[in-house]
Ligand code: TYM
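To begin, one chain is listed below as C-alpha cells, in the form predicted on its own.
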Amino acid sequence: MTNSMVMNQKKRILSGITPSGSSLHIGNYFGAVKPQIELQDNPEYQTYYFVADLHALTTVQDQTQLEENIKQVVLDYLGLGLDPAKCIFFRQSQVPAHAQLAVILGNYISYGQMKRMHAFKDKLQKGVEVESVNMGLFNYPILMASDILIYKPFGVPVGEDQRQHVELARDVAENFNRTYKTELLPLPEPLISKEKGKIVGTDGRRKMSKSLGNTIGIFEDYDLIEKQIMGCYTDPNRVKATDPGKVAGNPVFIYHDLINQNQAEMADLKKRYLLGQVGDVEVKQKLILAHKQFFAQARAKRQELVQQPDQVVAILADGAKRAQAVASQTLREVMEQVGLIN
C-alpha cells in the first residue's frame, strides 16, 4: 500500500493559527497549542495546520507588522514541535483555492446569518459604527467556512468561542448540498477543547492573558520570565515561610504541575509548603529551573530556525504545495457542480 493511500484513509483534522503578533505564553501552550500540535502524532489523523494570514488583514494593515507576526507564529509552532514530516503546514494565502472557494460559498449563506456572527456583533458592541466595519471582517466566517470545507475534514479543533464558525461552515455545506442534491461537502465536527484552556494568570484571579499582564512567557529573554515567575501570586494568608501554606489553587503549584517533570521534587515541595517548611522564593526558583528544562529544546529549535530562514520558507512552500493538491481538487468539484466548468 502506498503512502498516499494510507494518508487518504486517515481522518483529516484542520487547525487554523492566527498571526496575532502576541508572543505565546504558557497559558496558550498548555491550553491550546500543545493539544493542537499533539494531534499530528495520532495515527488516525492526517493533520493540516495553516497560518491564517488572510484573516489577519481584517485588523493588521501594516505590511511590516503583518510579515513580522507571520514569521513569529511560524517560528513559535515549529519550535514547539510542529513537525512538517508528520503534518501539512502552510500559509493560507499561498493556497489560492481558499479565497476562490469563499467567493462561491458566499452564495449559500444569508445576510441575516452573517449579521448574527460574533465577530461582527462584537465590533458593534464596542461602539464601532456599522458603516465603518470592513467587509473582510463581515465576510470572515465565509472565508473560514472555505478554509474548512475545502479539505473536507472530519473535525476542526476549536475553543467554545469558535464553535459558531464551524457551525456556519456546516450550514454552508448543508445549503450547498441541498441546492445541488449532492453530498459533495461533508459536515465537519467542531472538536471543542476542554476547560484546561483556561489557565489562571500570575495574578491568581483571571485567565492568563497578554492584555492583562499576568503571563509567563516561553521564548522571551529569561530575565523577563524570571521576573514574571518571581512576581507570581501565591497564598495571601501566608505571612511567613514558617506558616502552613495552601497548595490547591495556588498558581505557582498549578504551573509546577504543568511544567515540572521532577515528580519527587514536586511532591517534596508540596509537602513542605503545607507544613510551613519552605518559602515562596524557593518554590518560585524551582519553577524557574523547571521552566528552563521544559522549554530548553523548544527554545533551541526556534533559535536554530531563526538562523535558517530559507529552511522555514521551504517548509511552508512544501506545505502549500501539498495543501493545494487537495484544495484544488475540491474547488474543481465544486465548480463543476455549480456549472462553472464545462
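The numbering used is simple: start at 1 and walk along the sequence shown. If you superpose the two forms and keep the largest set of C-alpha atoms that fall within 1.5 Å, you have the rigid core. Every value quoted in this text rests on a predicted model; they were computed, and no experiment measured them.
Just so you know, the form predicted together with this ligand exists too; it's not on screen, but the next bit is about it.
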{"item": "Interface stretch in the predicted bound form with this ligand - options 110-118, 257-265, 158-166, 124-132, non-hydrogen atom within 4.5 Å", "value": "158-166"}
{"item": "Of Ala52, Leu39, Leu316, Ala290, the one that lies within 4.5 Å of this ligand in the predicted bound form (heavy atoms)", "value": "Ala52"}
{"item": "Listed residue (Lys71, Arg272, Lys86, Lys207) with a non-hydrogen atom within 4.5 angstroms of this ligand in the predicted bound form", "value": "Lys207"}
{"item": "This ligand contact at Ser22 in the predicted bound form, heavy atom, 4.5 Å", "value": "no"}
{"item": "Partner proximity in the predicted bound form: Asn28 to this ligand, non-hydrogen atom cutoff 4.5 Å", "value": "yes"}
{"item": "Interface membership of Leu101, this ligand in the predicted bound form, 4.5 Å heavy atom rule", "value": "no"}
{"item": "Close approach of Ile199 to this ligand in the predicted bound form, 4.5 Å, heavy atom", "value": "yes"}
{"item": "Non-hydrogen atom within 4.5 angstroms of this ligand in the predicted bound form for each of Leu14, Thr18 and Ile148", "value": "yes"}
{"item": "Yes/no, Ala32 Cα shift of 2 Å or more between the shown form and the other one with rigid core fixed", "value": "yes"}
{"item": "Displaced residue check between the shown form and the other one: Val73, CA, 2 Å or over, core reference", "value": "no"}
{"item": "Core fit, then Ile254 C-alpha moves 2 Å or more between the shown form and the other one", "value": "yes"}
